[in-house]
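Only one chain is shown below, in structure tokens, and it's the form predicted on its own.
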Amino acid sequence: MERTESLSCSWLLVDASKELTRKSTLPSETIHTLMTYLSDSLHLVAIRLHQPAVRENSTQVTYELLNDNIPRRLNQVITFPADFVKSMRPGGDRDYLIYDSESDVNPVQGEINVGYVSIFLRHVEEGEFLGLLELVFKDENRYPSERDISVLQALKELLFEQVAVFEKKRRGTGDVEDDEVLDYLSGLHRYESFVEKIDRIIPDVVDENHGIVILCTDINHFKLVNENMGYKKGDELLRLSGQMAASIENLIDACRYYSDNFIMAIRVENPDDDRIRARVEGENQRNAASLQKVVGDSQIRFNSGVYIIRNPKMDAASAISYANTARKQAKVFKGVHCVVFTEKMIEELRRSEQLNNELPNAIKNRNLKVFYQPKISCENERLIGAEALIRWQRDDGSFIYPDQFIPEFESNGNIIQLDYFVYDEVFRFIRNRLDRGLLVVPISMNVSRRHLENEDILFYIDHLFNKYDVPAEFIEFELTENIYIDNIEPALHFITRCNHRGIKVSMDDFGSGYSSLNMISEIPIDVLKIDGVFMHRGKTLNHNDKVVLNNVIRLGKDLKMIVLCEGVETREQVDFLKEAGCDIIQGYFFGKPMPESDFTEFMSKDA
């Protein structure tokens, strides 16, 4: 590709050195200062530092600065094609790569910088690959010429030098001042130094009359602030939240764990669960009211989990894990925004650990089973499709039901391998029926929010299409309403790529949470699945239910969507939905989720 005018950026190195000398920064601040200076001077959309990840051909974004509303990738693992990695590794033929996403072959899975020009500069020392500096430009006339790359390489070396210094000191292999372990965004300590400090102080503080409250807090739907108001507003919210955390009475220390997750350690006398819960709830409400002024119409709410250290032999990491478990409970319970960890939750943690340990063998031994729930056409009450659902059957024949393991696997990422197992089974099932000339109907499969953290799912889907040669018309993916709310940009990207492949995408559980009519009008989904909550588990539909259902069905039809209603259990409900114009029905009235053998028999009735 022909490159346009140069930046003539040879002055950057001298000026950057002057800037750092003037500010006399510590290593952690130096990294941020250099990135900010480069970003401002070169008018960058984004600048990222990648360091090697455990996954093959992958890096993790460890530092990031954004100046435009593009997807945030901090802490995410980015996977590159093998040929790209080979060219950038020691001995490879490239020290840098310039990529124009409008015309060049995409070097990064998921097209992380769609619509922009990017430069990837590799960092190698003594034959070892240590990472990449990624510079993202909005205007292709602004990026450097070949002549300028040497200057950027020098600045890249300076950045990675500071990263090495900071990492060395943070790991305790050098002298470190207290200020050097601060998170520059929130002003709080980093997680590692926080844990070390709490471990040191527990034996000195905790006795029969004194305890330490470990408080884990996040900002509910923080991603909506980033998506709707931009990352600069989100960063302002994090800075203010850090200030609030640092001002808590009797605070021992605080840190920002990641993103909008904060951890605080508070000294308390004669700790009482109810009193502490009430205190946290009160402070959360006051802080939320203060932050509301920053974000305007966006609703601010905190979710908090508490663990009280009463044993001087307790370690900080375990206490944090318990408090974080309670925080996750607070996100689930409606109307409850602070949960204190109990002994019952310890049993739940042990059960979760057992499930995680059993999962690999469950997959290997095929204890995981794919069940199919029929979807029925309203027009003629014949089979028109099915939804694939997972069941876990132990060796003794008993079942572990989805609500007992899916939330846990969602939280720790194991849901990905669980979903991949389901996808493979569904593709295999369809291919087998095609080969035998039997009736085949579209099968829908669920997509976890975890899949949207990277683009591996799209490559796995392509792999399955190549492996089984299944027509795209038989495949559908379902994303729940809340996934769209919390992950709008990656969800849109996933939908677009599915559309290009001819795969249908549905919005599941519509009406169960935080529906946004404006969002519905902008998302190119094919199927709108109305949540079964309106069916009231088989009870007679009341007037209000009918009004809501009529209007939601009309909305979907006006937007040219296929409308499906879940949870249908009675003939009255079926007749009403037919009259209202619903397209597809799913529920116990026509069939419960059933194993493959039973679903095969069910299909034979419609053959």
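None of these values were measured; they are calculated from a predicted model. Quick note: we count residues from 1 along the sequence shown, nothing fancier.
In what follows, reference is made to the form predicted together with a small molecule, a form of this protein that is not presented.
For the small molecule, considered in the model of the complex: do all three of Leu42, Gly115 and Glu134 come within 4.5 Å of it, counting heavy atoms only?
None of them does, since no heavy atom lies within 4.5 Å of the partner.
The single option of Ile119, Ile406, Leu152, Val268 touching the small molecule in the model of the complex, heavy atom within 4.5 Å
Contact check passes for Ile406.
Position in contact with the small molecule when the complex is considered in the model of the complex, options Asn324, Asn446, Ser506, Thr79, heavy atoms within 4.5 Å
None of the others qualify; the residue that does is Asn446.
Could you tell me which of 30 to 38, 562 to 570, 43 to 51, 549 to 557 sits within 4.5 Å of the small molecule in the model of the complex, going by non-hydrogen atoms?
It is the stretch 562 to 570.
Just to confirm, Glu476 within 4.5 Å of the small molecule in the model of the complex by heavy atoms?
Because no heavy atom of Glu476 falls inside 4.5 Å of the small molecule in the model of the complex, the answer is no.
Is there a non-hydrogen atom of Pro402 within 4.5 angstroms of a non-hydrogen atom of the small molecule in the model of the complex?
Pro402 belongs to the contact set for the small molecule.
Residue-level contact is defined here as any heavy atom of the residue lying within 4.5 Å of the small molecule in the model of the complex; does Leu439 satisfy this criterion?
Although the small molecule is absent here, Leu439 would stay clear of it in the model of the complex, with no heavy atoms inside 4.5 Å.
Any of the heavy atoms of Leu389 lying within 4.5 Å of the small molecule in the model of the complex?
Heavy-atom contact with the small molecule at 4.5 Å: present for Leu389.
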